[in-house]
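Next up: just one chain, as structure tokens, the form predicted on its own.
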Amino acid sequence: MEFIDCKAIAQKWKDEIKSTGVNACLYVISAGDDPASAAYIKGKLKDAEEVGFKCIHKHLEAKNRDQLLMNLTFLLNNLQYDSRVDGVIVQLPLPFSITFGDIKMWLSKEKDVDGFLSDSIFDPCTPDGIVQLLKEINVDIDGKLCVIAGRSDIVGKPLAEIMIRENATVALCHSHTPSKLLYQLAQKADIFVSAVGQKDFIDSSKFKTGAVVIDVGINRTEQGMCGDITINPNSNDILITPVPGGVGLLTRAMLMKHLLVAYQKYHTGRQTR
């Protein structure tokens, strides 16, 4: 079993972005006091500074749902037409049970660097980062069996669509998939992605020799942070992403890549990938 050095790969991507000399601008909107959101925003601000991008963080205060929704939609509508801003993200979750669906019509698809809109010019950052990681480590996706556990709108479902575009054979598992079938698929998978957010969801010894295992899970325990996959030293010869220091770093680096593309698309009419 070998851990994939996601930290080095994310750093490589950020170094490539910095070398372009582009000074793109990211606008981050948040509300509420969720500690995980604060940590994610801090990471995004750090990455933006590292690659030479400007990052504006606007924290909205509101006493009730209507007021916050009004402030959010007003700000998003203005940002659609602000040529100084290349990418806009709304940090979720939002207070008062406001969902992305409540505000998405005011977000520009060209500036949706998170890739959450159905007509966004970008794929969501985490699935995009996973696919680019596989290509970075020279994993041939074409014709491979890719098993994905988790069917969220920001990881599981879009990743399945991307993998199909890359000519993989895809099995999308979820909470109603019988455990026996899940384990059978896991044992056959060339690529296995776990995005269920459940500690000890599956043991690393379940995978066949040569499998590539991507652990998207983030689970906070008294012992610290861990992924979905239990690390078993008796596992076959597989490649696996660590938690922490794995997919999260790739997701953040991919956000910076998306911002670079948004800048280039708007300011120069050309695009690199």
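Computed from a prediction, not measured in an experiment: that's the story for all the values here. All residue numbers are counted from 1 along the displayed sequence.
Form predicted together with a small molecule: not shown, discussed below.
Of the candidate stretches 139-147, 70-78, 105-113, 197-205, only 197-205 has residues whose heavy atoms lie within 4.5 Å of the small molecule in the predicted complex. Taken together, the three residues V155, G217 and T251 all come within 4.5 Å of the small molecule in the predicted complex, as judged by their closest heavy atom. In the predicted complex, the small molecule lies farther than 4.5 Å from every heavy atom of L26. In the predicted complex, N167 stays away from the small molecule, with no heavy atom inside 4.5 Å. For S118, no non-hydrogen atom is located within 4.5 Å of the small molecule in the predicted complex, even though that partner is not displayed.
With a 4.5 Å cutoff on heavy atoms, V247 counts as touching the small molecule in the predicted complex. Exactly one listed residue, out of A186, V90, I98, C173, brings a non-hydrogen atom to within 4.5 Å of the small molecule in the predicted complex: C173.
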